[in-house]
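Encoded as C-alpha cells, the following chain is the form predicted alone, with no partner shown.
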Amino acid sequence: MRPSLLTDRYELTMLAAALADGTAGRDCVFEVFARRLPHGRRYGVLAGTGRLLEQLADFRFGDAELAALRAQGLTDPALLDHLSAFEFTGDVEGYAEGEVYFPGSPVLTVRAPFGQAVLLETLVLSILNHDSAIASAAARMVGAAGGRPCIEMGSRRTHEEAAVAAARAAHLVGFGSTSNLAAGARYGVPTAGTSAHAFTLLHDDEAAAFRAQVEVLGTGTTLLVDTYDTMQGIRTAVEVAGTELGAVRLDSGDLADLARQARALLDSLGAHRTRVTVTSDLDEYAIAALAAAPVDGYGVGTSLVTGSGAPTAGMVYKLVERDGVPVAKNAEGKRSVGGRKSAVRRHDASGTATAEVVVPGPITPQEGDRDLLVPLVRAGRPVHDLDPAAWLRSAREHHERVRAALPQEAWALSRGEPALDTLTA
C-alpha cells in the first residue's frame, strides 16, 4: 500500500469534520521543531528529509487504500471523495538534510490547505524523528572516533525497514559503510561484512575457517579471531593469511586491553599493516574510552539503532498560521510560538557558529548570517532531484560543512546545554 496509510486515524477524523464545516480549505502553515534536545545533547542532526520527499510523491489514496479505510469504519462519503482525488499541491521548505538543529529550529515548514497539510503529520514525524535520532547519535560516535572509520551494523537489532533508514542516517553523518545490503542498493551506501563466529564453528578448526575465507575474499579480508583463544586466533590468522592480512576483529572481552595485546602480537609477527577492528555493543562513550587504544575502526550496532543509544528527537508538527493569522498553543509546558518563522545561523569572523536566530517574519541580515530555510517542494512538485544516492551524497557533504563550523563545546560527550543559543527576538 501507499504511504498514505502510514498515518493515525485522528488525522482523517479531523479532516472529515473540517470538510463538514467548511474549514478544510483554509490556508495553513505547519512547522516541525523540537522543543528540546535529548537530555545532555549539544545539538541534533536533521535526517530523513529526502526519504520524506520520496514518500510524499506517492502520497495518494487509491482503491486499495480506500477499501482499507472502509473496512476500518471510515465511510463518510465526503471524506472518501476528498481522499480519492487527493494530491498534495502545497509548498514545503526546511533545513537542508544533514543540517544541525537546536531547540525551536523550524526544520520543516508545510504550507497547504488544512485538508492536505493535516494528513502529513504522522508520516513527517515518523520519518524525521526516527532518522534524526539515529543521525544525532551517529554523529556523536563519529566525533568520538576521531577520524577512525565506523561501520553501521545494527540490522539485526531493529525492524527490517528501520534498519535501512538507520544505515542511511548513519552514513549521512560520517559512518563509512554499513552491513545492510538494501541500504547499499537504494542509497549507494558502501557495504562491508566478512564472517560471524558461526562460520568458524562450522569448520573443524579455526585455521580451516580462516583458509576458506581468505580463499574467497583474499588476504585483505578481516578475520574474526576471538571464537576460542584470541591471541592464538591472531597467530593462526597471520599463519594462514600472511603478514598482509587486512584486519582482525575483536568482538568480546576488555577491548582496550585486547587491542593493545593484539597490536603488539601482530607487530611481533611482522603484520604491521594489519588493522585492529573492534565491535561488541559500542556506543559513543565506549568509543571515546578506546581513543588511546591501538584501534583502527569500530563496528556499531545495538546502541545506534535502539532507543537507549538514539533517544527520540522529540519533533512535533504544529499549526502556526491560519489564513495569514498567527496561531499558537498555550498549554503549560507545550507552548508554541505563532507565525511562520525565518531562521538564520550567526557566525563570527572566523566562521564559527555563535547563535541561531528563529523569529516570525523576516530577519534583518547581519554579516556572517547563513539562511537555514531552503525550498523543497513548490506547488506540490519537488524543487530538487530526488535520486536517492545523489541526495544522500549531497546531504553528507552539507553535514560535514556545517558541523565543522560548530563551536568546540559541541563535541563534548558530557551532559550540557545546547552548543548554540536559539534567539527568538
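Nothing here was measured: the structure is a model prediction, and the numbers come from that model. In this text, residue numbers run from 1 along the sequence as written.
The next section is about a form of this same protein that is not shown, the form predicted together with another copy of the chain.
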Exercise for the section: Let me know the one among A165, A241, A145, L266 whose heavy atoms come within 4.5 Å of another copy of the chain in the predicted bound form, would you? Expected result: A165
Practice task
Look up in the predicted bound form whether N180 has a non-hydrogen atom within 4.5 angstroms of another copy of the chain, and give yes or no.
Solution key: yes
Practice task
Classify R340 as contacting or not contacting another copy of the chain in the predicted bound form by the rule of any non-hydrogen atom within 4.5 angstroms, answering yes or no.
Solution key: no
Handout entry: 4.5 Å heavy atom contact, C28 and another copy of the chain in the predicted bound form
Key = yes
Problem - Distance check, D81 to another copy of the chain in the predicted bound form, heavy atom within 4.5 Å - result: no
Practice task
Name the stretch: of 180-188, 84-92, 341-349, 135-143, exactly one has residues whose heavy atoms fall within 4.5 Å of another copy of the chain in the predicted bound form.
Solution key: 180-188
Handout entry: Residues A34, T109 and V278 all lining another copy of the chain in the predicted bound form, heavy atom within 4.5 Å
Key = no
Exercise for the section: Residue by residue through 8-40, tell me which have a non-hydrogen atom within 4.5 angstroms of another copy of the chain in the predicted bound form. Expected result: D8, R9, Y10, E11, L12, T13, M14, A16, A17, A18, A20, D21, T23, R26, C28, F30
Problem - CA-CA separation of Y101 and G307, closer or farther in the predicted bound form than in the form shown [shift of 3 angstroms or more] - result: closer
Exercise for the section: Answer with closer or farther for the CA-CA spacing of S308 and S136 in the predicted bound form compared to the shown form; it moves by 3 Å or more. Expected result: closer
